[in-house]
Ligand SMILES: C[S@@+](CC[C@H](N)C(=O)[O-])C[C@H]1O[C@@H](n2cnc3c(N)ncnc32)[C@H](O)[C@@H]1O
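Just one chain is shown here, as structure tokens, and it is the form predicted on its own.
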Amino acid sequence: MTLGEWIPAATERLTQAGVTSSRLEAQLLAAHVLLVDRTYVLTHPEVELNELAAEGLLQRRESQEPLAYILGHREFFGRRFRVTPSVLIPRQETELLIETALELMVPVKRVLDIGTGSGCIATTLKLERPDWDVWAVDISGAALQVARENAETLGAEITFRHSDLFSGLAGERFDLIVSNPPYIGVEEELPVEVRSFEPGTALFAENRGLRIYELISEVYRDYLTPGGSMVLEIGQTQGEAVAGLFGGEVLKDLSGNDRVVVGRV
């Protein structure tokens, strides 16, 4: 079957499965099978496609498995990051956290990323500010392995530690602490492709999604230098609660939703 034949058929199946950007995703799946980019798929409809390989990927997406896990990567802040089911898939909303951290009007030398996952935050900050000494921690050893691979692939020198929040950081202090922690309440409704496939430890927290912020707020001052800053991603209903924990200000994303809290010591 040629690309010109397979793409429309796959698009229809993905549409029936409830995939919103069905044609785009069909093209990306085909490109993945052929090990080419999407432009090649668009301009070479006559090329034959390995139907067996393509069918396997198509069935995975029909079952609601996230496209990023099927392709094995996701773009973030203009760079490609490897992702596996061990890590949360990077999202565009998190780029506001990056932009906020980069625009802080205070001196920064040492940075800590709590719950680094794929390493997209820590790696991006290091590449954007090569003079920063960036550390990253995660409770998941599998996630840390993915983060290390991404940092190495993209040429970012980062200190990684296996740590449950601050447990492995005794005696360390940082000018800036950033985090996109689990902030979804366990009772909240989520799409199947999120709830059933992405790691629950990176998604859910007790007390309506606030528990990890509460734990951080109890001790973070012991790990910040005087005048240091916190930049935290939050859920769209959590601005007031999280800002109250850290005495910070709430920043909204492009959709007008609460997205980031900035706190200072």
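Owing to the predicted nature of the structure, the values given are computational and were not obtained by experimental measurement. For every residue, the number given is its place in the sequence shown, counted from 1.
The discussion below concerns the form predicted together with this ligand, not included here.
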Candidate spot Thr123, Ala147 and Thr159, all three in 4.5 Å heavy atom range of this ligand in the predicted complex? no
Tell me which stretch of 151-159, 123-131, 177-185, 100-108 has a heavy atom within 4.5 angstroms of this ligand in the predicted complex. 177-185
Could you check which residue among Leu57, Val231, Val41, Ile212 gets a heavy atom within 4.5 Å of this ligand in the predicted complex? Ile212
Listed residue that, although this ligand is not shown, lies within 4.5 Å of it in the predicted complex (heavy atoms), from Ala30, Leu224, Ala202, Ala68: Ala202
Would Asp164 sit within 4.5 Å of this ligand in the predicted complex, counting heavy atoms only? yes
Looking in the predicted complex, any heavy atom of Val194 within 4.5 Å of this ligand? no
Proximity of Ile139 to this ligand in the predicted complex, heavy atoms at 4.5 Å: yes
Using a 4.5 Å cut-off on heavy atoms, which residues of 1-34 contact this ligand in the predicted complex? none
